[in-house]
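In the block that follows, a single chain appears as structure tokens, in the form predicted on its own.
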């Protein structure tokens, strides 16, 4: 059998955007506007990649013409939600204040941000409270953003998955990518790198159908690549131990809970929450925003299941709900309902929590400009939090600052790190040339089992230590034994190796946070400790995990 040898290709650029999702394309477009030579490296195709691939219909924002000239009430409302309690207030304020600019840009570029000529607010709010999510028609957003980036002169290299950052004296100088279609390493030399690779899915079993690994609420190809690369390069990560899960239709995992206009009811038809009793496109049923465990509690108490009931929704409101669900990317689900002749106004749809599919709420720590703790490295999007709106706003800001850094850093593209490249090349060629060994699916399933058993619904010091020991064994066996019979499988193997690194960080950070906070539930520390209302940083120093507590800025 002919031995496979990875060819090499070098790409030089001012700004490298790793990941061509919402944040990556916004960053690339802005950096190009600022005069930088920009390259986007995307493992799939930027027109159809990431968790925004098939659309979205909610955009978090502050609009002075609607909310008034004082942003602080909206900042207050945000901080009361599930994401805001462990975030610097200045960060949230910056996000909200820049959101109107992005809305206007998108609308001008061809992404409709209004409905029938006006802003329509809906979902993610309680009756009587300020509303700060507008509906928008995001079905074609990725194609439109790709076109805009190309218009600005951005070079997009699809089918290249970046795996390792290149550094020189704590300065990021580029990255190493792997072609997902042929045996080729792509070595990027850059003065600034922006990580925008999305969330970390496939760490835990998939939603309500664990046997189907890719039946996930968000894109199953977003696997925390950026988090793993940043950590290995020495950047700070934050709050990796705080998990989150969402809910939606049973067995058909899709985002869009707040788009459904019905009322969540029990088997007797009684609303399970106190907020709404009639279907509404304005609010949906926000009970889950306040009470994530409602589906599990109803199941455990024998009162489940819980149904999304749209009975009483007018034809006009129903068609509007279907319109937003289509723009959210729920086309497959809508087709299924039509094929099975299911009208949610006649047949309530069972909803459940996707409690198997945990993912870390935290990620790469970056400031309001997208800058990380490493010189030349920026990040945006779900690497910290924020959904589509956060990805768009901080992608734009990161692109601006990365272009400025590339232009003013005074550095030139230096020599590439041959040791790093040759080490990765050797490991990759070993995976491609092994004749026997486990595939990526086996390793990924083992990882999911370890993570759910030891960091799932309940955590404790003994569980976390046992999980860490098991994960390290799996990590060693995977690095030494994984087999990739083609470039596509090689990409999946590298994804699993990144997931193993992310999983290890979660276990270490979860042991350090000795309290219960949100879905980080410690049976040995069942209370929330006010003294731990801080950011938990984790980073690499001298080859070891290091943690540090940092106060939150509430000003």
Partner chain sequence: MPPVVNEETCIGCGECYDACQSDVFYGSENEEISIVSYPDECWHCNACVSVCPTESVKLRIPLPMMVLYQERTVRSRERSSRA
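As the structure is a prediction and not an experimental result, all values here were calculated from the model. Positions refer to the first chain, counted from 1.
Omitted from view is the form predicted together with its partner chain, to which the following refers.
Asks: Any chance residue 269 has a heavy atom within 4.5 Å of its partner chain in the predicted complex?
Replies: Contact check for residue 269: yes, within 4.5 Å of its partner chain in the predicted complex.
Asks: So, residue 153 and its partner chain: in the predicted complex, are they within 4.5 Å at any heavy atom pair?
Replies: Answer no; every heavy atom of residue 153 is more than 4.5 Å from its partner chain in the predicted complex.
Asks: Might residue 106 be said to contact its partner chain in the predicted complex, defining contact as any heavy atom within 4.5 Å?
Replies: Looking in the predicted complex, residue contacts with its partner chain do not include residue 106, since no heavy atom lies within 4.5 Å.
Asks: Can residue 315 be called a contact residue for its partner chain in the predicted complex at 4.5 Å between heavy atoms?
Replies: Residue-level check for residue 315: no, no contact with its partner chain.
Asks: Taking its partner chain in the predicted complex, would 8, 403 and 408 all count as contacting it (heavy atom within 4.5 Å)?
Replies: No, the candidate spot makes no contact with its partner chain.
Asks: Report the residue, out of 454, 265, 246, 148, that has at least one non-hydrogen atom within 4.5 angstroms of its partner chain in the predicted complex.
Replies: Selected option: 265.
Asks: So which of 44, 509, 497, 32 gets a non-hydrogen atom within 4.5 Å of its partner chain in the predicted complex?
Replies: Of 44, 509, 497, 32, the residue with a heavy atom within 4.5 Å of its partner chain in the predicted complex is 44.
Asks: Taking the partner as it appears in the predicted complex, which of 500 to 508, 66 to 74, 516 to 524, 485 to 493 has residues with heavy atoms within 4.5 Å of its partner chain?
Replies: Comparing against its partner chain in the predicted complex, the contact stretch is 485 to 493.
Asks: Heavy atom within 4.5 Å of its partner chain in the predicted complex: which residues of 184 to 214 qualify?
Replies: In sequence order, 209, 212, 214 come within 4.5 Å of the partner.
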